[in-house]
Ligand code: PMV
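Below you'll find only one chain, the form predicted alone, shown as structure tokens.
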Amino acid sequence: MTDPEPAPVPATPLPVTARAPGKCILFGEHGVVRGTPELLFALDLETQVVVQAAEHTQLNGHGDAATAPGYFRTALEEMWALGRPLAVRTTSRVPRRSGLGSSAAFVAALAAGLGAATGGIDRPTLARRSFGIEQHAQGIGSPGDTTASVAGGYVALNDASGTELWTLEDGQIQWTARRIPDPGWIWVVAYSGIPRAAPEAIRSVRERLEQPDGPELLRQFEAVARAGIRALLREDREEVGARLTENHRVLREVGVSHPRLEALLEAARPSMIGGKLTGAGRGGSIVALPFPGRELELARRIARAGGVPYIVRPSSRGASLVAPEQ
């Protein structure tokens, strides 16, 4: 089980190597920004960054990244007050624009590295800084993605279950992040090959929820997320699988599925207890809970249908430093 109080990131002189996991949303995408619960876990697919002193600030050899709008410039503006040029190199196993948290993993790893180089940083502060960087760069979103990348393990927002980790705020909105125990299950996530279209998906959901039945759909988002969290706490695979499938039905109803996602879920059906799209949608990825012992069979079904599957366990290690000898 994941430690409910992850350790601070210690002070470390440059060069610093840090890493952070991607994320997978099980329940609650789109509803969480409207106050309903969300349940995520940190993927054991990671992004690693190396931060070192340099003559000119650059990201993967590109000097214009320090001035172009985006995560890198925002992170430097908010966390690097020393004024010295930095060279940052990244490697990642998280597919970009897949809905699996590639930006959250990069931001959390970079924030951990910058925090270490400026005297160390505790987890709540790292979570808040990471959320602030991602939100400033994107202009939208909830702290779920970066919270999972910082904390590791399973994390719930807007729900009273589990052990409190920290609170995060955005103007008048406040989220409380809580640790949910890990039941030890294996999951399969799969990238469709269609980049997720977050702006279009968010606009679609907003417009759909403005319809007369919008409040009822939001109530369904909340009900399925709360039921899914309770089922995971009971380690009830069948119920979690059923709630995943139900959550996908609601996501499809608000217009964020995609024919490729539907094809992957259909191909996976004989080998999974339940599954859904994960992330903003309109492309991106699916998550499936396999029947125990049929993980490889499920991955093969998805691959034959054209997806890129990953057999994963939740990563208990959130954003952290990599020791030099590693």
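Note that residue numbering follows the sequence shown and begins at 1. Please read these numbers as outputs of a predicted model, since none were measured by experiment.
Missing here is the form predicted in complex with the ligand; even so, the following discussion is about that form.
Residue contact check for residue 267: none of its heavy atoms lie within 4.5 Å of the ligand in the predicted complex. Looking at residue 142, you'd find a heavy atom of it within 4.5 angstroms of the ligand in the predicted complex. At the 4.5 Å threshold, heavy atoms of residue 37 stay clear of the ligand in the predicted complex, well away from it. Within 4.5 Å of some heavy atom of the ligand in the predicted complex lies at least one heavy atom of residue 30. Of the residues given (209, 231, 202, 242), 202 alone sits with a heavy atom within 4.5 Å of the ligand in the predicted complex. Residue 280 is the only one of 289, 280, 51, 43 with a heavy atom lying within 4.5 Å of the ligand in the predicted complex. Stretch 95-103 is the contacting one of 234-242, 186-194, 95-103, 220-228, since its residues have non-hydrogen atoms within 4.5 Å of the ligand in the predicted complex.
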